[in-house]
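First comes one chain, alone, set out as structure tokens in the form predicted alone.
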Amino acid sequence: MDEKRKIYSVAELNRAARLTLENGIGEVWVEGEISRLTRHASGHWYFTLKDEAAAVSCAMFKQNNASVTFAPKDGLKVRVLGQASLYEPRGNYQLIARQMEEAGKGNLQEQFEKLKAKLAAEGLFDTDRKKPLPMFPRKIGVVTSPTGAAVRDIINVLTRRFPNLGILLAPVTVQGDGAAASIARAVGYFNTRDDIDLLVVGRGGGSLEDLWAFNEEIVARAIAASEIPVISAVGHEIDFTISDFVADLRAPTPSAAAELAVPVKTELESQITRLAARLGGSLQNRALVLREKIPGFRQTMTQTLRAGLQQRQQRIDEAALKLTHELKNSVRVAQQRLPGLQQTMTHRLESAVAERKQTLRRLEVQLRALSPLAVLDRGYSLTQTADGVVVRDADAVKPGDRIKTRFAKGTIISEVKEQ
């Protein structure tokens, strides 16, 4: 036997292998698809990470998986930060995961945070710009894929809660190239109609990449510009998108969005029936109370009316008495002033008549002084033609014309013999 040959126990071999892995490879990022995920009662996760060519066993302990913000599931592609190691008791090679994120999430998450910060700075997430939902929408517009489970869940819940409700689907692509533009166009289309009271925009769950269309700026701005209230219903309860922040209301799931959109019609009808019964009973009780109070009410009203009439009659009598007294005083004062007024008027009339007589005398003297007849008194005469025209010039008449000559006393008519 070679005494220099090193003999390892199984435990020593596994320990050496573990140390070699941990020291030689150390902590690395590994990308692959989750398979055979098991959540242990202790809180630890055990799963296989695989790709097309190989697989590796993984363990993620409770203190580390508590920081994972999404729900891992079989078939989900992830990136894991972990340390290559070996489980010594069994000699199983494994990866001890310390962090986990969805594949491609690093870059997408950065884009998400940048857009979120940009739109928040513009005020698109402010609560004071969010519109209230209508209490009883007549017709609801749904923006989602026509083939997914989300549209079936939304329609089933809406029709169950409120039968005969109007539902209009705008079929869109919710994943992949062109999905964001398709969603934005549908929101814009509904805003051109006047018969839509509420919009539900969303899809079922998926990875961050699957939901990315609802993180696009074009969709966010279309929802923000919508004059119709919008419920965002994207993914599961743990999924958050930009659409959730900018919408008027976020629903954790498409089904929950339908529940938030309309009340249960049968419950409303029952409530209305109960309220109507209560109102009827209340009115009946009130009528009975009023009926009992009517006799006393009538008596009170009669007394009140009588008292009011008496007060008004008393006021009328007082006003008539006061008016009569004032009229008598006015008549008495007028009677006392009447003699003086008569004397004053007589004096004024006499003065006016005397003044007018003097004026007439002056005018008469002036008229006599200006009258042609006054000239006749001084020996002159006034000659006129037969038709009364005053003759001032001998050429104004011709032989044979008859003329009238007026003297101070008397008038003669003569005929012109020659000039």
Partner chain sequence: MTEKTVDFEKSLERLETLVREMESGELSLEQMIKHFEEGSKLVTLCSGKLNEVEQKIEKLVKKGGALTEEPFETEQ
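Being a predicted model, the structure only gives us computed values, none of them experimental. Numbering follows the first chain given and starts at 1.
Quick note: we don't show the form predicted in complex with its partner chain, though the next part is all about it.
Novice: Check for me whether its partner chain, as it appears in the model of the complex, comes within 4.5 angstroms of all of W29, V56 and D74 - heavy atoms only.
Specialist: Spot residues vs its partner chain: no contact at all.
Novice: Though only this chain appears here, would G82 touch its partner chain in the model of the complex if you measure heavy atom gaps against 4.5 Å?
Specialist: No, G82 stays farther than 4.5 Å from its partner chain in the model of the complex.
Novice: Could you confirm whether T147 comes within 4.5 Å of its partner chain in the model of the complex, counting heavy atoms only?
Specialist: So T147 counts as contacting its partner chain.
Novice: Does G205 make contact with its partner chain in the model of the complex, using a 4.5 Å heavy atom cut-off?
Specialist: Answer no; every heavy atom of G205 is more than 4.5 Å from its partner chain in the model of the complex.
Novice: Do F214 and its partner chain come within 4.5 Å of each other in the model of the complex, heavy atoms counted?
Specialist: Residue-level check for F214: no, no contact with its partner chain.
Novice: Thinking of its partner chain in the model of the complex, which stretch from 254 to 262, 331 to 339, 305 to 313, 163 to 171 has heavy atoms inside 4.5 Å of it?
Specialist: Looking at the partner contacts, the answer comes out as 163 to 171.
Novice: Please tell me which of R278, K293, R129, H325 lies within 4.5 Å of its partner chain in the model of the complex, judged by heavy atoms.
Specialist: Only one listed residue qualifies here, and that residue is R278.
Novice: Identify which of L115, A103, I96, I155 has a heavy atom within 4.5 Å of its partner chain in the model of the complex; exactly one of them does.
Specialist: Contact check passes for I155.
Novice: Are there residues in 252 to 288 with a heavy atom within 4.5 Å of its partner chain in the model of the complex, and which are they, in order?
Specialist: Those in contact are K265, L268, E269, Q271, I272, L275, A276, R278, L279, G280, S282, L283, R286.
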